[in-house]
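One chain follows as structure tokens, the form predicted on its own.
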């Protein structure tokens, strides 16, 4: 009896020790994240004003004069915000329909050889470095168009989005009960109507979450846009012309000693946008959770 009690106490002690160990390790891994956020807030909030969101990036001379007078650097990142919206918008239009259709096919034809090939290629594309994707988009779009453009940047980002959208669609549809499809077919609905009007609406939460996570994944990409969109000093809504974006502006600020202070504000803005998308994705996933 005493041996059983001591063994139970040892197991309880071991469980508590392991729990404490996991909590400590989790806290240690979170420290770098807290330090990064604190550093961005501490150095980036100073530039957060009305002009930061309504004016284009300043020139090096304007920034130098502002630093000499110990004042806030004039201008903002409006050209980066509008460029990001344009490029991301077109990338979403390109990637989401193709990704959802491919995910539906993988879910419905799990055992087919062609589905296996698509699944393999999807995993392969997901592992390709972003700079290589930029080179591919350069060869496919920039060279035939004889110039950099927002379209080329959106193609590069769409390629990076596709694997995430495809796999999230496939996994979400695989989680749906088979009875949904069987009930729809038993009521006389066509196969297409069952997919479009029963399965996809039922999987909306997972699909939307996957799309938001894919967008947040590519929102901070710089290397592909350096080879495709190139950047622009003014606000541009023409998809066939070079266009700026927030990651490109951060890179340009980094290469100019007079504009380094704007790195922190731009990075903080980008971090807040990505954080907002992830929080929305989490809320949607909890609200539309598949039972």
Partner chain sequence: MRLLELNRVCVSYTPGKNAVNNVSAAIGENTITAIMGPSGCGKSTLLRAINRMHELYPNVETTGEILLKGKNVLRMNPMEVRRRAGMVFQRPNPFPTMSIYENVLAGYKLNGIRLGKNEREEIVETSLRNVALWDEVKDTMNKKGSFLSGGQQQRLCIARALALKPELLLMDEPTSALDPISTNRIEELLLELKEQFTIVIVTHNMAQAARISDYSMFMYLGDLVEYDTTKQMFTKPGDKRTEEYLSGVFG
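Residue numbers count along the first chain shown, from 1. Bear in mind the structure is a predicted one, so any value in this text is a computation, not a measurement.
The protein also exists as the form predicted together with its partner chain; that form is not presented, and the subsequent description refers to it.
- Proximity to its partner chain in the predicted complex, defined as a heavy atom within 4.5 Å, singles out one entry of 93, 187, 85, 145, which is 187.
- Only one of 71, 112, 174, 179 comes within 4.5 Å of its partner chain in the predicted complex through a heavy atom, and that residue is 179.
- Comment: 179-187 is the region of 179-187, 158-166, 72-80, 207-215 lying near its partner chain in the predicted complex, near meaning a non-hydrogen atom within 4.5 Å.
- In the predicted complex, its partner chain lies within 4.5 Å of some heavy atom of residue 198.
- Using a 4.5 Å cutoff between non-hydrogen atoms, residue 193 counts as a contact of its partner chain in the predicted complex.
- Mapping the unseen interface onto this chain, residue 107 falls outside it, with no heavy atom inside 4.5 Å of its partner chain in the predicted complex.
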